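As a starting point, one isolated chain is supplied in structure tokens, in the form predicted on its own.
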């Protein structure tokens, strides 16, 4: 299997090819939040890339999770914290979801062969699905406003390590090779390393520190959210 990493949605056109499985990762926090929605019983997630469309869904009676610049949008029912989504609120419901970066990355890659949502809390489940179905995997980092985010990049290195433990993996560019080597250097001190990152500081500044440990702790959730191109929903 071939493996690559696109460090920003703005570069996706340069990394994509036919028959890709794309793993969209937004470590802080959209990926974990979508995993949590489904884990708590939501029937589907409707990802939308802009807040105006989310408002339209809200006017039609949908539950809406919406975040911009780490803050919950005023019109929304939920923000972008995994802990916003409890069974009492979401079980059996479709949730419209829009975030600063994660849902935009989904939109960019929505025409790929298969699109998965990955992050540290479901990393083993994502690795197993890739190994069972994929010929070439591209890890698409959501980043921050088209710029690189270290936490998303490091997830790529962590996933590479998982895949290498179980199969013959060919790195398809310098991007994934660099990511993997960085991961090996910092994996035993991940939390301390991420304290220097831009987005860690954004979460601290916006009183979202409680989400950080959950978002970087592996294997608390076994669900792999999968995007359906036919109805544009995630299950």
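Positions refer to the first chain, counted from 1. This structure is a prediction, so every number in the text was calculated from the model and none was measured.
Quick note: we don't show the form predicted in complex with another copy of the chain, though the next part is all about it.
With another copy of the chain left out of view, the stretch that reaches within 4.5 Å of it through heavy atoms in the predicted bound form is, among 67-75, 86-94, 142-150, 156-164, 142-150. Although the partner is absent here, residue 57 is not a contact residue: none of its heavy atoms lies within 4.5 angstroms of another copy of the chain in the predicted bound form. At a distance threshold of 4.5 angstroms between non-hydrogen atoms, residue 214 is out of contact with another copy of the chain in the predicted bound form. Although the partner is absent here, residue 40 sits far enough away that none of its heavy atoms falls within 4.5 Å of another copy of the chain in the predicted bound form. Interface residue remark: residue 191 is not counted as part of the site for another copy of the chain in the predicted bound form, having no heavy atom within 4.5 Å. No residue in the set 222, 224 and 232 has a non-hydrogen atom no more than 4.5 Å from another copy of the chain in the predicted bound form. Contact annotation for 186-220: residues with any non-hydrogen atom within 4.5 angstroms of another copy of the chain in the predicted bound form are 186, 193, 196, 197, 198, listed in sequence order.
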